[in-house]
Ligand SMILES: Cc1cc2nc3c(=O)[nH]c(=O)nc-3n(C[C@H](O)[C@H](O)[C@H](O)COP(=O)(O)OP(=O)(O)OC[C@H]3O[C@@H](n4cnc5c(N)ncnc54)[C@H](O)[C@@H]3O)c2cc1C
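Just one chain is shown here, as structure tokens, and it is the form predicted alone.
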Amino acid sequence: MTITRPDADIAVIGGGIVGLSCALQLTLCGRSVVLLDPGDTRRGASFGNAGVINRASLFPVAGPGLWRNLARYACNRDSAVSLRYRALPGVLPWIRGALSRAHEAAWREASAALDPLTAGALAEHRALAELTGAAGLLSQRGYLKLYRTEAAFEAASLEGEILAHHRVEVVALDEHEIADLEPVLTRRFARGLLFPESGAVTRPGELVERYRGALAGRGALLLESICDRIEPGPDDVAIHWPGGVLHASQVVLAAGAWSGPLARKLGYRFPLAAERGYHRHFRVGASPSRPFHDTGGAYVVSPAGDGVVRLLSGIEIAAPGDPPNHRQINAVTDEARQTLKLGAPVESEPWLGSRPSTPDGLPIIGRAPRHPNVIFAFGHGHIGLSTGPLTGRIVADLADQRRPPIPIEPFAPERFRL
């Protein structure tokens, strides 16, 4: 009997920051890798995010404050959240799950699970950035969270308590200290929190391209194509794509917001939602020194280099294929103009992308329950870029039957009824 060797040890489906990090970490372990991704970097959430490697990202979107604002969100009266009602049937499982966990105990549970993932994020980013020649894209000047009123700051006291419990370094700032730290801000904020342990990626899209180039340089095969379906067998996995069929000993599903439909073909129905977000770049005379979040205006601004800033809107719950709705990004542009002297926009139209989100705010990382040669690595929501390199290291350890560097039981696929 002739034994046919697979085309690669491991196939990785998805070329965003999580998929690329998985592929790179696997090559560092000596594995042969093939990566499937359509290749359009601008489509992915990794291109359009804020670029913050945030040590303080311990909190799911669905927190105790959700109930207080639910009526405003449901009526689309708040720039922080927008809901496309025609997408409601597809996201109802996600909404029900999120609402069921919008309480303090669940928030604390999620923060305990995410703490080791965010604590190791910046170090893993630096290691991969050195490997790929992208170290110049990383900085560590901290991340700034701003509050317009004392009341808004006091309302976030539970968040501060949980961060202190996990020993996240936080520097509280008053109005004058904020102005001294970021003199380019024209709006005056009552209070602020600086997270010095947080880093940032100046141009996330360029980082993704560097990772792709490094992966090719390490001998991986990059196929610019979609994956039609994954077919696990007893000895290997068949990956069907428009060009034919690939075979690998294992497969990593890390396709972001497109992971859900592929997992469904394997018989796994995860309650995922595509949290869509918009951004636009603006020229500025003077840029802030670090990314900041204006909590009262529901936007984030990140320096993008060369006298340009990236302005990001809140969450839009919609189907990935829905046409753009610029209401949120237009509203936060008006808000941001009162905080920064924004010049002309760089692009003619805002960018739009989809983040893969779970109801509990935790990623799905682990072997598929009924298919041990399939590893899931998706559902990172707002922390995909931040935690992608560490997720890649976890996946490489799983593929080689090693203990991961942090506890991953809270991220297990089995926590959902599949």
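A residue's number is simply how far along the shown sequence it sits, counting from 1. In this text the structure is predicted, and so the values were computed from the model without any measurement.
There is also a form predicted together with the ligand; it is not shown, and the following applies to it.
A.B. asks: Among 221-229, 167-175, 339-347, 128-136, which stretch has residues with heavy atoms no more than 4.5 Å from the ligand in the model of the complex?
C.D. replies: So the stretch in question is 221-229.
A.B. asks: Contact with the ligand in the model of the complex for residue 38, defined as at least one heavy atom pair within 4.5 Å: yes or no?
C.D. replies: Residue 38: contacts the ligand in the model of the complex.
A.B. asks: Taking any heavy atom pair closer than or equal to 4.5 Å as contact, tell me whether residue 277 reaches the ligand in the model of the complex.
C.D. replies: Residue 277: contacts the ligand in the model of the complex.
A.B. asks: Would residue 113 count as touching the ligand in the model of the complex under a 4.5 Å heavy atom rule?
C.D. replies: Looking in the model of the complex, residue contacts with the ligand do not include residue 113, since no heavy atom lies within 4.5 Å.
A.B. asks: Taking heavy atoms only, is residue 262 within 4.5 angstroms of the ligand in the model of the complex?
C.D. replies: Yes, residue 262 sits close enough to the ligand in the model of the complex that at least one of its heavy atoms falls within 4.5 Å.
A.B. asks: Work out which of 13, 10, 24, 395 lies within 4.5 Å of the ligand in the model of the complex, going by heavy atoms.
C.D. replies: Here the answer is residue option 13.
A.B. asks: Counting non-hydrogen atoms within 4.5 angstroms of the ligand in the model of the complex, say which of 144, 272, 318, 255 makes the cut.
C.D. replies: Checked against the cut-off, the match is 255.
A.B. asks: Give, in sequence order, every residue of 364-383 that has a heavy atom within 4.5 Å of the ligand in the model of the complex, or say none if there are no such residues.
C.D. replies: Read in sequence order, the residues that approach the ligand (within 4.5 Å, in the model of the complex) are 380, 381, 382, 383.
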